[in-house]
Each structure stands twice: as C-alpha cells, then as structure tokens.
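One chain is shown next in structure tokens, namely the form predicted on its own.
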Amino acid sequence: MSVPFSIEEMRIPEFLARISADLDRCVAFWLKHSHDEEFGGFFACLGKDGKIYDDLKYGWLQGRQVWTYAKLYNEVERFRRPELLKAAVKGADFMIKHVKEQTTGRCYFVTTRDGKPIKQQRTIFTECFYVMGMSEVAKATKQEKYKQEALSVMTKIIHWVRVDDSEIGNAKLAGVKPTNSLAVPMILLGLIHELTSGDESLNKTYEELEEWCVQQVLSHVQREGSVILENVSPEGKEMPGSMGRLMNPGHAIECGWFLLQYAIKKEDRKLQETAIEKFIINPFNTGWDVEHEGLFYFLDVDGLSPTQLEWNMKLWWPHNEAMIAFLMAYDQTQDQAYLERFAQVYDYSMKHFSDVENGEWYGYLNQEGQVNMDFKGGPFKGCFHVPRCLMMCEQMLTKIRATLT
C-alpha cells in the first residue's frame, strides 16, 4: 500500500512553478535595469520598478552579482545564455580594474560610477565576494586569470583572519575586547564550498581552514545548546553586554545550511543533526514572530530590547536563508516537519516580499509585514540573496519532485 502524500508534498509542483517563475522575473529585472553599458559593472540602487536612484557602485554587490550570473550560467540550463556570461565577465573585469586595490589586495566598498574609490571597510566581506565572483567566472570561462585572482585574494583573507588584521585597518585600541564574530568563520566556510565545488584540486588546500571554520562556528552554540550568539570570546565563551547577548536568527539559519552542506560532504551524521537542530530549528523557533509572522531581524537572548533600531523589522534575506535551510533539511531527512516549515516561510515570503508585477522582492518590511521601503536594490541589497534562494530551491524541489513521482 502506498503512503499518501502530505499536504506540503502535494504542494511541491506549486512551490516549484512559483519559484521558477519568480526566478525568471528576478533575473529579468537585473538584466534590464542594472547594467552599466558605459563604464561596466552594475547599478545596485534600483527603485521598485528598476529606476536608478543612485549611481554609486558597491564592491561587495558587484562581486555578488558576478557570482549570481556565473552560477546561473553554470548550473541552470535555461540561463546558459551568452548575455548572462558576457555581463558576468564584464562585471569581473570592472572589479579587477576598479574595485581591487592592486598593491594590497584590499577591495573598495564603494566607488563612483566610473570606478574611482570612495570608501573601504575594516572587514573582509567585500574581498570575500570578490573571491566568490572570480571563482565562479573562472568555472564559466575556463580562464586561469580569474581563478588566480580568486586564489590570490583568498590568501590575503586568510592572513587577515588568522595572522594579522592590521592591514585592513583594525587598530588595537585599549578598550577593544577580542571577539569571535559568527560572520567571519561562517562566510569563509561558505566561500571554501564555492571555491572547491567543481574544482577538487583545491580540497586539500583548504581542508584545514574548513575544519577551523567549523570549530569556530560551533563555539557560538551557547547556553546548553539553546541559542546561537553572534559574538563570543576567542575562547568560545559568552561575552557581557548587548553585543554578547545579540542573536540574528537569519544569520544563524544561513550558517546552519552552510554547516549542513559541510556535514553532507563529510558524511558526518552528528554534525548534520547539530546543523539542523541548533542552527536552523532553534533560531527559527526563537525568531519567528507568532503575532505577525515573519522572522525578526535581531533579538536579545535575555528578552531585552536589542540596540539595533531595525531589530523588529522583517528583512528579505533571513527568509531566503530559511527557505533554503528547511528545504535542504527535508531533502536530507525526509522529515515532514521541515517541509512544513519551508511552506510556512514560503507562504509568508510570497505574500509579503515577492513583487510579481515588477520582478524581484521588496527588502524591508515593518513588523506587521507592510512594505517599509519599496526599492529593490540599495547599498546592502543587490542581485544575490533572492536569486540564490530561488535557484537553490528550484534545484532541490526538482530533485524532490522526481523522488515522489
């Protein structure tokens, strides 16, 4: 006797059709509105209908869009189109010429439209997305120069993280306490996955670093496994004050599916359970707004008010990460509870974030789920989280549907 499908399993064709259509609209939006044909690179500051409201270029968003285009070209048959690859290459070349500082390997966070530097940040994140973009373009073009760009900057990043960060401008002030921020090992873990996917020759190169990242990430599991803290001490201990009590549910969930990818690769069942239970389920349960739905942006572990003024807003990217994470967890375990959570986030996101008329998603809602800012791109939102989510979910849903028929 066959086992009847659950309500969520019966909705898989619906999920897949809507997500595929949303991905098509999203890519069309960026192809139509964001390309700078005169100077190269991409405009990020785009209004609801794609109108450019600022022509500054943000280095980390350039790298993200290069990666997105190249990834779509490499992995999704209908996007294996010359204009997508051409745009990715043109964006990569703009970054090599204007975003990367040639003497140090540092990358500019903001440039003018024609590439004159405006600002650098004292972080590694623009450099990380430089590496991601170059690596994926190298896979698409088979050109060694892009691979070498990725590897050379990756070497710099490792030095700044594990040896000496003075080159990125972090002065050793007397009152600054050493901190292990979840963002650093997390992004490196994801970056190594991207570098080594399709290029097994690099596995040995980054094996030790990858294991270090996992251990650093796991040190953020605190209070007997009940919370994931954004900041802990280098020794993996809880820190005092607001910074020490800070939780970012979306960040923890994203980290969860990075860990899950690593656990799958290593066939580590215990780590897989930790990734799902500690980094995905617990932060989701804590972060979900039971009154108005949607994921809070920041929370305080003791229930106090976070100092971030936007703490109770609903942002696009945590919901993107939750969709990926729960679908990946379901794909690996066939546990219906994870598909139910995916459907919960999917329904909220498609109702509140997705713009069927103009394409792409709104990024910023108030706590009640109303659009607070109607632009589609800005200094912190570009062509990355939404298309990555839709692409990965489409791939997983296609696989899952095949197993159910």
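All residue numbers are counted from 1 along the displayed sequence. Since the model is a prediction, treat every value here as computed from it, not as a measurement.
Unshown form predicted together with a further copy of the same chain; subsequent notes refer to it.
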TL;DR on 268-276, 75-83, 105-113, 155-163: the one with heavy atoms within 4.5 Å of a further copy of the same chain in the model of the complex is 105-113
TODO: Using heavy atoms and a 4.5 Å cut-off, decide whether Y53, I118 and M373 all contact a further copy of the same chain in the model of the complex.
DONE: yes
Using the partner position in the model of the complex, report whether Q222 sits within 4.5 Å of a further copy of the same chain, counting heavy atoms only.
-> no
* Tell me, yes or no, whether F125 is in contact with a further copy of the same chain in the model of the complex, where a contact means a heavy atom of each within 4.5 Å. => no
task = Spell out, yes or no, whether the shortest heavy atom distance between G236 and a further copy of the same chain in the model of the complex is within 4.5 Å.
result = no
Worksheet item: Quick one: is D199 in contact with a further copy of the same chain in the model of the complex, heavy atoms, 4.5 Å cut-off?
Response: no
Residue within 4.5 Å of a further copy of the same chain in the model of the complex by heavy atom, from T141, S181, T286, N312, is N312
Heavy atom within 4.5 Å of a further copy of the same chain in the model of the complex, from candidates R245, K71, H251, H98, belongs to R245
Those residues of 153-173 with a non-hydrogen atom no more than 4.5 Å from a further copy of the same chain in the model of the complex are L173
